[in-house]
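The form predicted on its own is given below as one chain in structure tokens.
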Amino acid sequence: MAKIGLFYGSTSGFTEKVAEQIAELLGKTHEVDLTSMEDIGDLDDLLEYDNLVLGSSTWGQGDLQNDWRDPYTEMDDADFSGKTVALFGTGDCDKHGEHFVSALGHLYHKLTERGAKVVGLVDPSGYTFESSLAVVDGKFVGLPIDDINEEEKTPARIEAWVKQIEGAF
């Protein structure tokens, strides 16, 4: 099995908690390197992996978490051809339903424009939100988690999503 690089940006700890749960489940069938975005040197840390799981919380008007700022800009000059990527994100569908997990949409567009294959799309039925840049062609481009308002749904959502993506790596 190929090694997976799981990178996440977390400010309040919710995304880190989800990343740890994903790493634990994926770790049953794959070797997983779990790394906070604040601990990476530069984008090359991500590019050494052919299989990536990337996570971010959404802030402000649908922005990526702060630790993603420099690596996201560096992606402009990167080639993600041959990379398989799964995205996950955390948000608050009640207070920020107009930008729910929109950070995933930013990552999705940047990565696919640079050749990445994104896996792990999720049907938005069962989620309550106004709008999201993370919905493309009627699907979330990754796993959306609202551990503030829908904490009871989080374990089942993570488990189902990991089962969905693990065969893609």
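All figures in this text were calculated on a predicted structure; none of them were measured in a lab. Each residue number is its position in the shown sequence, starting from 1.
Form predicted together with a small molecule: not shown, discussed below.
Taking non-hydrogen atoms only, Trp59 approaches the small molecule to within 4.5 angstroms in the model of the complex. Proximity of Ile148 to the small molecule in the model of the complex falls within the 4.5 Å heavy atom cutoff.
At the 4.5 Å threshold, heavy atoms of Thr11 reach the small molecule in the model of the complex. At least one heavy atom of Val101 is located within 4.5 Å of the small molecule in the model of the complex. In plain terms, the part of the chain that comes close to the small molecule in the model of the complex, with a heavy atom within 4.5 Å, is 61 to 69 out of 23 to 31, 61 to 69, 40 to 48, 110 to 118.
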